[in-house]
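Only one chain is shown below, in structure tokens, and it's the form predicted alone.
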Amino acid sequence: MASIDLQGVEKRYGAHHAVRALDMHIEDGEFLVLLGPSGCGKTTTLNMIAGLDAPTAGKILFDGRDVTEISAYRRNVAMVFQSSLLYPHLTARRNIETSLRYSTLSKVEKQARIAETVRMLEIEPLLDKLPSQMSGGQRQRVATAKAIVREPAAFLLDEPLSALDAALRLSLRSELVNLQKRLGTTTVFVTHDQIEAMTMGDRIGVMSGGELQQIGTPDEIYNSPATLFVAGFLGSPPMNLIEGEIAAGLFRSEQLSVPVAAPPGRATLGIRPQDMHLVAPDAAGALPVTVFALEHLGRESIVIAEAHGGLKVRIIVEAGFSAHVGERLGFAPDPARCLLFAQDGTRIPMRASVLA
């Protein structure tokens, strides 16, 4: 196991800046998730940690030792990719054994380590099967066994669940977290799926445009987003974002007027769907909307509504709520849960926010 430090790490491909001035510390034994949309630099970052790609600038340290110029093999890291990358002509057992081909362990020690790994991942019935005889989830379990049998200093996973069906993703998510906690191996997990990030990571690093937008626990990222991008990217359904202006202690838009304790200027107000409450359409402080669609999710329902100017907002309501498309409703935000963001996307601190 190892702590990992990235100090001023950058990666450029010609004029394209894939990763910009990245500073990040990953604790020994931590499960860190790198989250962001396609092309944000998260996989490039993972490849640089692995030694598969060299940074253009900056340093990468394992337990304080500079490994920037050290080859991938000598870093003692293991990777699992979206595709299981098993040798198609070898059985599961032989695939796992290849990871210990150059190990200095004795034959008895190798077999003991393989047996323990196979037991942990519960893949005994697969050992004599070829990859073509396995399901996608089974192949990923074998690929995981192949990676961890080496007992690496760091375990690196690049969207390993994205090609699987929803039910299997749900099952393997908990299995991977349980396995990581039992092993205590420092783990970096790349995904674009916010649900995976929120449910798996000790901390989440949110990336956009090659930059680290914010890093923190799932609760910190969700409840205290540092930027407009993080606020809009985290949450299902996503945060409602309403553009407007702050003047004379009020946030005003075409749809809404909210008293705020914040400096004047253009701003975006953010409010989570669960923090909007149904009120009469003409009530003071209400956001008048018409119903665009209604989604029933069993334990709750989501109203997708359209405000003046075509703005669409999402509101979580209780299960069994009924409304027809085109019906006029009113919603008001919980004043204590409103967030404000400046034009540059940074969070504006607020002392209080009370509806008039």
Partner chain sequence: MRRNRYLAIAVVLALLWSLVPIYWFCRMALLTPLEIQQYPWPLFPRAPNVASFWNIFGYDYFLSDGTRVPASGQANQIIRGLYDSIFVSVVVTVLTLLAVLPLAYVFARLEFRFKSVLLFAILLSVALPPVSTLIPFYAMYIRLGLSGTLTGLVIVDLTITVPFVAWMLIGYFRNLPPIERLARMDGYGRLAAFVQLVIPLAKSGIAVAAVIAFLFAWNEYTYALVLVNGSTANTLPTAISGFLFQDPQPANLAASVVVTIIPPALVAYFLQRHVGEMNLVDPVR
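Residue numbers count along the first chain shown, from 1. Here, rigid core means the biggest group of C-alpha atoms that superpose within 1.5 Å across both forms. What you see is a predicted model; the values in this text were computed from it and never measured.
What comes next is about the form predicted in complex with its partner chain, which does not appear here.
Q.
Quick one: Val177, Ile215 and Ala226 and its partner chain in the predicted complex, is every residue within 4.5 Å by at least one heavy atom?
A. So, no: the whole triplet misses its partner chain.
**Q.** Location of its partner chain contact in the predicted complex, chosen stretch of 119 to 127, 177 to 185, 81 to 89, 242 to 250 [non-hydrogen atom, 4.5 Å]
**A.** Partner-contacting stretch among the options: 81 to 89.
Q. Among Gly29, Gly39, Gly51, Gly330, which has any heavy atom within 4.5 Å of its partner chain in the predicted complex?
A. When its partner chain is considered in the predicted complex, the option within 4.5 Å is Gly51.
Q: Name the residue from Ser106, Ser236, Ser135, Thr98 that puts a heavy atom within 4.5 Å of its partner chain in the predicted complex.
A: Selected option: Thr98.
Q: Indicate whether its partner chain has at least one heavy atom within 4.5 Å of a heavy atom of Ala72 in the predicted complex.
A: Residue-level check for Ala72: yes, a contact with its partner chain.
Q) Arg139 near its partner chain in the predicted complex, any heavy atom under 4.5 Å? A) Result no; Arg139 lies far from its partner chain in the predicted complex.
Q.
Using a 4.5 angstroms cut-off on non-hydrogen atoms, would Ile221 count as touching its partner chain in the predicted complex?
A. Taking the distances in the predicted complex, the answer for Ile221 is no, it never comes within 4.5 Å of its partner chain.
Q: Find out whether any non-hydrogen atom of Leu157 is located within 4.5 angstroms of its partner chain in the predicted complex, and reply yes or no.
A: Although its partner chain is absent here, Leu157 would stay clear of it in the predicted complex, with no heavy atoms inside 4.5 Å.
Q. Is His89 among the residues whose Cα moves by 2 Å or more between this form and the one not shown after superposition of the rigid core?
A. Moves: yes, 2 Å or greater.
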